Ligand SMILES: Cc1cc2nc3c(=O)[nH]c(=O)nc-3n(C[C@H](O)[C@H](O)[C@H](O)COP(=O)(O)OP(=O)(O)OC[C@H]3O[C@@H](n4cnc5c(N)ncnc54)[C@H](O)[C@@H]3O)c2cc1C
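Here you get one chain, nothing else, as C-alpha cells; it is the form predicted alone.
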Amino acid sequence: MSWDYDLVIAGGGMVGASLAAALAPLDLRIAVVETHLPDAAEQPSFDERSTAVAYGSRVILETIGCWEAISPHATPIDTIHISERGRPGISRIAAREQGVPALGYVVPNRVIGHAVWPLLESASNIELLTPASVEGVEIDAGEAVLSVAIGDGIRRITAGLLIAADGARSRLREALGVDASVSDYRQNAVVTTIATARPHRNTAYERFTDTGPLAVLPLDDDRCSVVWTVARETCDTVLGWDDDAFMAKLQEQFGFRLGEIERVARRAAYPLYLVQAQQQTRPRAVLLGNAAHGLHPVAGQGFNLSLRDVAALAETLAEHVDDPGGPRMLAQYDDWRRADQKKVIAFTDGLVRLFTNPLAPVRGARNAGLIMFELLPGAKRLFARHTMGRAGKLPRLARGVPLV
C-alpha cells in the first residue's frame, strides 16, 4: 500500500501508548500523534493520580515488555474489602483464594507513562509526532487522510487505519461522525492521598456512602490513594475545607479500619460521566479508550477494560497486517469486544445507581445481597475473575503469549 503509515494513533496517553508498544514487534509502520510530551506537567494521562491495574492487565503490560519498569512502583492489592456505611454487611475477596499473587496493583499514572514511552522511542517502526495534534480527517474506502499540526505548519499524512485515542471529549469521534451518549452522574470524584495510623496491609477498600462510592487504595510507604465521590453541588465546599476539616469528614465516611487519618495531601476533583460511543469502529478508524467508553471509577474498571481492548485490537491487527484498516479487521475487532464492553459498562453503571438509591427497601436488599455474596465462594470467584480481567475470550497478550 502507498500510505505514509499503516496506522496512526491519535493520542499517546496510557491507552494509545500501550497499543503502540503492543504493536511494536509487528511489521507495521506506526505514527503516534500526541499533544503533550510524557514529562510535561500538563500531560493529562500521566498526572499525579493513581490507577488500579487489575491482575489481567498486569499480564498484558508484562507481555508488552513494560511491567519490569512499573513493578518497583506498583503496590499489590492482596484483599478487597467491600462495605456500605451504616450497614452491617461486609464482603472480602482475597488473592490467595483466587490463586493469584495479587488481585491488582495501584500504580501512579506517571510511572505507567515513563515505562511505556521508552518502548516507543526505541522501536524503529514507530514515529513519535509530538507535540502535535490531528486537526482534520478525511476517510475513504482505501485510507485515512489526516491533517496534523506540528511545529509551525500542517503536515498531511495518509494511513490505512486511524486509532482515535484522544479521550472522553474526543474531537476525532465527532469528526468521524460518531455520536456518543453521555449520562451525567451529577457527581465529582475528589482525589487525594492520605496517611493513616494503621498500616493498610495491601487492602483496597470500596465503601458505599450516602454521597457515592469511596475508594481507599494502598500505596507505598503505607500511604493510601483516595477517590471520594461527592455530589457536584457540594464539591467546591469539600475542596474548600482545610486539612483538619477534610480529614474529619473523610473519617466520618470511611470509619476507623485504618485508625485515624493523620495527614492529607493536596486535593483535586473531576466530574463523573458515563460516555458511550454509539459505534467503536468506522471505515478506516477505531475509537479506543475513553473515546469509546468513559466509565465511573467505581471498582476501577475503566483503564483495565481499555487495556483488554488494546490487547484484542493488537491481536486482530496481527492477523491483518496486509490491510490493517480493512472491513474484515474492523468487523472482527467489533465482534470480539462488544460483549465485554457491554458487561463492564452495565456493571459499573448499575453499582453506582444501586448504591445511590435512597429508598429503604433497596438499601435493605442491597445489604442483604452483600451478606449473601460473602457467604457464596462461587459468586466471589466469578466476580473476581471478571474484575481481574480473567473471564471470557482472552487475547494472547492477556495470556502471556507474545504476538510474534
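Note that the structure is predicted; figures quoted are calculated from it, not measured. Throughout, we count residues from 1 along the sequence that is shown.
Although it is not shown, the form predicted together with the ligand is what the next lines describe.
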{"item": "Stretch from 295-303, 325-333, 177-185, 246-254 whose residues place a heavy atom within 4.5 Å of the ligand in the predicted bound form", "value": "295-303"}
{"item": "Option touching the ligand, based on a heavy atom within 4.5 Å in the predicted bound form, out of 343, 366, 29, 36", "value": "36"}
{"item": "Contacting member of 224, 134, 261, 95, with respect to the ligand in the predicted bound form [4.5 Å, heavy atom]", "value": "134"}
{"item": "Contact of residue 166 with the ligand in the predicted bound form (heavy atom, 4.5 Å)", "value": "yes"}
{"item": "Residue 63: touches the ligand in the predicted bound form, heavy atom cutoff 4.5 angstroms", "value": "no"}
{"item": "The ligand contact at residue 389 in the predicted bound form, heavy atom, 4.5 Å", "value": "no"}
{"item": "The ligand contact in the predicted bound form: residue 104, any heavy atom under 4.5 Å", "value": "no"}
{"item": "Residues of stretch 91-107 in contact with the ligand in the predicted bound form (4.5 Å, non-hydrogen atom)", "value": "none"}
